[in-house]
Each structure stands twice: as structure tokens, then as C-alpha cells.
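First comes one chain, alone, set out as C-alpha cells in the form predicted alone.
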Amino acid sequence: MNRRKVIIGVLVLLALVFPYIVPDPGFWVTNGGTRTLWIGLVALSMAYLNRNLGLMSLGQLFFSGITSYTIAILTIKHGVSYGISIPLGLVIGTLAGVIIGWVALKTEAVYFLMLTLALTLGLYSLSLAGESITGGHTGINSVAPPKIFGLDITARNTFYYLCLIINLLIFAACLRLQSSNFGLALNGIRDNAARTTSLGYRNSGLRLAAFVWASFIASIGGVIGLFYYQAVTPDSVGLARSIDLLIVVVVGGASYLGGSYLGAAVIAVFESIIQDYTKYYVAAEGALFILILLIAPQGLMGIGEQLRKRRNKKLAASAGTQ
């Protein structure tokens, strides 16, 4: 058993016993555990694109938000059951990924970043303007989570474990895809698109498939976010939330899938603590972000690799002097 599997096993075990080892479960399970899983899942959709396509998307909140709004509008305003509204919300969020990905993937680098950000800001504007449908500034509130097989998921631990199971399945699927022929092809396209084309790969189709998968992940995050807050508002897809999500990804390590959860945990815990001490918690979060980047330019997940490179450099230097 390699070290990576041991680390993953330990982390999963800690996640399983988390509600029973924290000092104040009523606070930390919700504000630390469940919030980390929700934010981490949406951040995972960003990290997956960055790792496999070399593209940073700020449009993941678009897919998350449109899924949340679809479910809330159908259920609260039109009385549609969750058995229909949740799958339909996921379908709409994922189909949006097909359409938007087809357009967005024609661009690269900063143009891709700005185009995807424009999509999120467009949803923000539409949610404000369409007050009769979206509720405007106040959004749609009192979205009570459904019962699943008779289980009341509003219960703190039940909702946490449901989110944990979903995240474990999605994360395992991402790891499996990454090590598959599909994932290897994506890495080839990322590193040398001309070569993969010459080898007969359909680059555009593979890139679109990766984008749609990331959109599906973000859409699931939209379902969790909706039931976490039991509401959806324009602020949930605003510029500030998009920047927060980008900070989470960068802090954890944009090139590492697990960095999404590490970054989400750091930011969620930091925000929960710092708000009790100062009203300038946004500035404090910015200072933490800068400090982490100064210490670990590749994010917290990249510290190990950073130390290995430094050690190898010292060994090479000492060997050269002998």
C-alpha cells in the first residue's frame, strides 16, 4: 500500500469521525464540516479543469446557481416534487455546460477566464432583474430539504454524512477518470495539443467532455448549497462569491484535486473563527491568502513537492562540489 492510499484512508477516517471528535459539534459540523464539503465540491470542478485542461474557470457558480434556482423555482413557486425538480435541475445545469463549453473552449487562458466570469455575472444580473421568477434581491427562501428514504436530512449529522458520501463518490470518480485513457488524453491535449491531434484524438470533443463533467460536479454543488442555506439569492452567484471560490482553489493548490478540500477547510475554519474577533474579516482573509502564497506559491498541497525540489537542489549542489 503506497503512501498516497494511506493518507487518503486516514483523511476519510477523520472525516467519518469528525462529528464525534470536535469540541462543539453544533457549530463545527455545520460551519466547518458540511460547509467545507459544499465549497470543496464546487472548487473541485474548477481544479479538475485546471489540472486536466490547464484552464481556470470562474463560471462554475453559474452551473451551481442555475441548478439551485431551477430546483427552488419549480418546488417553491410551482409545487413540483423534489423527485422531479432535483434531477431536472442537474440536467439543466449539465446541459448548460454543453452549450457554454462549446463556446468557451474556443478561447484560451485569460480570455477563457473572463468569458466564464461573464457568465456568472450574467446570471447574477438576471436573478436581480427577474424578480417575479427569482425573487430579486431576497431570492427564494424557506427551501426545506426533502426526506430521503424517510431520513430527515435537516438533522445536522445526517446532512453532513450525506454530503460526505456524495463528495467521496465524486472525488473517487475524478481520480478514476484522471488515471483512465480519457484522463491521459486530456493531459496530452493540455501539454501538446498538436501532437494529440496528429495521433488521431478529437481534442475538441475530449475537452468538451471534461468541461461538461466539471459542470455536472458544480451542479451537484448547487443542490448541496441550496439545502445548506435553504435559500438561493443573487449573492450566491455574485462576483464576491466567485473570487472566494478562486481563493479556495489557489490556497489549496490549483493543480491538485485534493487541494479543493484543503483550501475549503482552511477558509471555512478561518472565516468561522476570525468573524468573532474583527468586523474586517474580509481583509483578514485577504492577508491570509497573500501569506499562504508567499510561503507556498503552488498552494498548500504543493508544499511537499516544493520541499522535495529544494532538497534535491541541495543534494545536487553538494554532489557538484565533491
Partner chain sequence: MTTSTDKSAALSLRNVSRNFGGIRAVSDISFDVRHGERLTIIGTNGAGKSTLFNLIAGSYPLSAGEISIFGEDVSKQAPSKRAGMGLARTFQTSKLFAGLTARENLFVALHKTNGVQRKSLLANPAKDPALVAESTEALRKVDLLQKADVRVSEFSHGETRQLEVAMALALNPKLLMLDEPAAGISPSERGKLIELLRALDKDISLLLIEHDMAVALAVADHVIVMHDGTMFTQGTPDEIRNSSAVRDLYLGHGHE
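Everything numeric here is computed off the predicted structure, so don't read it as measured data. Positions refer to the first chain, counted from 1.
A second form of this protein, the form predicted together with the partner chain, is not displayed here; the remarks below concern that form.
177 is the sole member of 168, 177, 153, 133 with a non-hydrogen atom within 4.5 Å of the partner chain in the predicted bound form. Distance criterion of 4.5 Å from any heavy atom to the partner chain in the predicted bound form singles out 184 from the list 118, 128, 184, 144. Using a 4.5 angstroms limit between non-hydrogen atoms, residue 201 touches the partner chain in the predicted bound form. At a distance threshold of 4.5 angstroms between non-hydrogen atoms, residue 188 is in contact with the partner chain in the predicted bound form. In the predicted bound form, residue 195 approaches the partner chain with a heavy atom inside 4.5 Å. The closest non-hydrogen atom of residue 311 lies beyond 4.5 Å of the partner chain in the predicted bound form. The stretch in contact with the partner chain in the predicted bound form, judged by heavy atoms within 4.5 Å, is 201-209, chosen from 109-117, 83-91, 69-77, 201-209.
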